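Starting off, we have a lone chain in the form predicted alone, written out as structure tokens.
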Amino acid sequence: MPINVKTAGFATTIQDLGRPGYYHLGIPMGGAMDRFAMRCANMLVGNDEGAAGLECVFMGPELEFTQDSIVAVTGGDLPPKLDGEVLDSWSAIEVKAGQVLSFDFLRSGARAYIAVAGGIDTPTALGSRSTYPIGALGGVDGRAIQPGDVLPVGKPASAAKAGAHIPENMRRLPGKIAELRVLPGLYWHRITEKSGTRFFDETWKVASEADRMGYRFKGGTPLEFVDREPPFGAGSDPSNITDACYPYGSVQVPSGSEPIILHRDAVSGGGYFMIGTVISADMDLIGQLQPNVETQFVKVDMDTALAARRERANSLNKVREHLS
């Protein structure tokens, strides 16, 4: 049951939950920027939560179905249309052979997720179908989809049926001012106490450089560094360190001016200090931030981070129970 790509939208890629286990080799985990939304889309159509679907940025593609199917669209508010009729997102939608799925204008968020009953069935690369263009892995020949592509679809589960819906109180998108919780990092001692306090007190804005590798933020006061003698292997800029590993969610601040949060397709290490790390529970939110969205970094401790992770796991369990 292939799907014909009539138009591709903007940076629409095949994604699943990624390829963990290769970060030490410089290959990032990748996968959906908003993992919660991707999981929910798959649940709605009866797929395994890790099945491959499509991640759309700002605008959606036009997809022609060659066989009857069930689809769901979650994530940012990018209303789906079937043969021009606007339908509900976060719902399982019946599609007939020959119909075209397209999208209205984006209303909120930044990324939407399209799941199809059976999942996108392109070949795997290192155990995942996720597209990693820099490494030419996954997706369609290691790239985003293009007009004229034919996307293979796997065999749907017998449980797939239209009508399932996830209510708004079970979803999560950033507020008017996005709040990202940050655990201060190993290099916190490199900045002055006053500068560290100001970093969390100020409101930042998402810069135009915001993609799967990382999100840059602007508008805050540059950091003040503690004087030091640069160690061997580090550069003269006070934000430089001897090369170190970068965890997902690391907040690096080149030259102390504009923070960059490293995301799913980020490099695994480098020579910029990290002021902290965004907690795992808030990583999905970053993928839904548009340029110029106001953002507040919130300082938390490990207990708060672990509690937030449990809360996010409970949120998924509630969706599973609701759909069962």
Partner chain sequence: MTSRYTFGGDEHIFVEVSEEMSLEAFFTTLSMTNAVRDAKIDGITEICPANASFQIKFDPDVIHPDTLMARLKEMETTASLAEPVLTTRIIEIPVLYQDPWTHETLMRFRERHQDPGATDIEYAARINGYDSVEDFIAAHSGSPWFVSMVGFVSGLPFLYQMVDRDRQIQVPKYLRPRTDTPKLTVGYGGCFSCIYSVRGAGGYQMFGVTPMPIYDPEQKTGYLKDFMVFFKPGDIVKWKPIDRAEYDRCIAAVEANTYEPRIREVVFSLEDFNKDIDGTNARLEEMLNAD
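Positions refer to the first chain, counted from 1. Treat the numbers as computed from the prediction; the structure is a model and nothing was measured.
Only in words, not in the display: the form predicted in complex with the partner chain, which the text now covers.
S.K.: Of these, Gln296, Gln290, Thr66, Ser280, which has a heavy atom no more than 4.5 Å from the partner chain in the predicted bound form?
M.R.: Selected residue: Ser280.
S.K.: Looking at Ser158, Thr242, Thr197, Thr221, which is the one with a non-hydrogen atom within 4.5 Å of the partner chain in the predicted bound form?
M.R.: Comparing distances to the partner chain in the predicted bound form, the residue within 4.5 Å is Thr242.
S.K.: Just to confirm the contact call: exactly one of 105-113, 247-255, 88-96, 69-77 touches the partner chain in the predicted bound form at a 4.5 Å heavy atom cutoff, so which is it?
M.R.: Looking at the other structure, the answer is 247-255.
S.K.: Even though the partner isn't displayed, in the predicted bound form is Gly135 close enough to the partner chain, meaning a heavy atom within 4.5 Å?
M.R.: It does: once the partner chain is placed as it appears in the predicted bound form, Gly135 has a heavy atom within 4.5 Å of it.
S.K.: So in the predicted bound form, does Ala11 come within 4.5 Å of the partner chain, heavy atom to heavy atom?
M.R.: Result no; Ala11 lies far from the partner chain in the predicted bound form.
S.K.: Is there any non-hydrogen atom of Gly271 lying within 4.5 Å of the partner chain in the predicted bound form?
M.R.: Residue-level check for Gly271: yes, a contact with the partner chain.
S.K.: Is it the case that Ala305, even though its partner is missing from this view, gets within 4.5 Å of the partner chain in the predicted bound form, heavy atoms only?
M.R.: Output for Ala305 is yes: heavy atoms within 4.5 Å of the partner chain.
S.K.: From first to last in sequence, which residues of 6-42 have any non-hydrogen atom within 4.5 angstroms of the partner chain in the predicted bound form?
M.R.: Those in contact are Pro20, Gly21, Tyr22, Tyr23, His24, Leu25, Gly26, Ile27, Met29.
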